[in-house]
Ligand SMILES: C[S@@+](CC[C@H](N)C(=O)[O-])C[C@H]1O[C@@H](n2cnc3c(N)ncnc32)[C@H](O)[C@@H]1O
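Next up is one chain by itself, shown in structure tokens, the form predicted alone.
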Amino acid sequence: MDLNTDKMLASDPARKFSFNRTISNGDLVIVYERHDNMKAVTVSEGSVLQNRFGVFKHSEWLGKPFGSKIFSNKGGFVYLLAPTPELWTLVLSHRTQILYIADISFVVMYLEIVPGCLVLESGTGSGSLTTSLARAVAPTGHVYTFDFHEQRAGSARDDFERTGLSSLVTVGVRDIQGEGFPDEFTGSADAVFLDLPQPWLAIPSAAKMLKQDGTLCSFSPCIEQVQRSCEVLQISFTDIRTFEVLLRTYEVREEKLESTQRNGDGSNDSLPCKRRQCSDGGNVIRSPISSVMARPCGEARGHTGYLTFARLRCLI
């Protein structure tokens, strides 16, 4: 591939998508405060993290296994988690609108991505999907992702290096809608993913890049984009399907409930309780008990976009 023509941002083959079981100086960790409050932190021995729970010294993190519960000077605590693609999606910088876990899982499954696959993606955006694609093709596959915006592509490359993906992902600066994918990939891609304002312009090029029976996915927020894309897909593709993935999240937590028990002799109970006199002279004892409750979260994500899948029509 001509790196100068396509302004590829080469990845560092020395880095691998993996992390040790214990935390070392320079590692990226996800600091978990609660399910809706996490942040990515690079460990530096002389640094500290300050939040509402107190001051946490990085030096005390060294040698601890990922998943450890770490206490502050005030007795508060956080968890130090490994930077998996799922967690990285929740903490990365949003340079563009991103795909979330429900859509990402669907994409990886329906594109039939397995270790060793070669995947083409445009545009890179914030790199949320790219991170999961890289894990799916590891250790022998590769993801080539393109964005027309040079600064955004550079920022994405920096993120992939932080998360240890640089041996699995190569970032290119290229207008795929206008120029198509580089000819060097003709007939070599197992799957193509498009997240573009006008994906129908890139579909003919994507068809040339795919192997026989290869798969394509296009993500679009508007149904009008889907309809126009499907018109072009019918030329070279079959098995065209469109999905909208809606996820409903439940919050599971422990709550205190009252248990009502009738006590005919009026004797005292050892547990704290409230009593109410019954008409027959007996007592009704109300004791607090703990119960695990599951309730829908108040802020559930609705529509994100439509996922259109298609399979390249075999010529034989």
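Numbers follow the displayed sequence, beginning with 1. As the structure is a prediction and not an experimental result, all values here were calculated from the model.
One more form of this protein should be noted, the form predicted together with the named molecule, which is absent from this view; the next part is about it.
Taking the pose of the named molecule in the predicted bound form and superimposing the nearby C-alphas onto this chain, the site is open, with no ligand atom within 2.4 Å of backbone or C-beta atoms. In the predicted bound form, the named molecule lies farther than 4.5 Å from every heavy atom of Ser167. Although the partner is absent here, Ser72 is not a contact residue: none of its heavy atoms lies within 4.5 angstroms of the named molecule in the predicted bound form. With a 4.5 Å cutoff on heavy atoms, Ala189 does not count as touching the named molecule in the predicted bound form; it lies far away. The named molecule in the predicted bound form is not approached by Ser205, whose heavy atoms all lie more than 4.5 angstroms from it.
For the marked spot (Val31, Asn37 and Pro85), a heavy atom within 4.5 Å of the named molecule in the predicted bound form is absent from each of the three residues.
Checking Val245, Val232, Leu118, Ile98 against the named molecule in the predicted bound form, a heavy atom within 4.5 Å turns up for just one residue: Ile98. The listed set Leu210, Ala134, Val108, Ile176 contains one residue whose heavy atoms approach the named molecule in the predicted bound form to within 4.5 Å, identified as Ile176.
With the named molecule omitted here, the record of contacts in the predicted bound form names 121 to 129 of 237 to 245, 73 to 81, 224 to 232, 121 to 129, defined by a heavy atom within 4.5 Å. Interface residues of 138 to 157, taken as those with a heavy atom within 4.5 Å of the named molecule in the predicted bound form (partner not displayed): Phe146, Asp147, Phe148, His149, Arg152, in sequence order.
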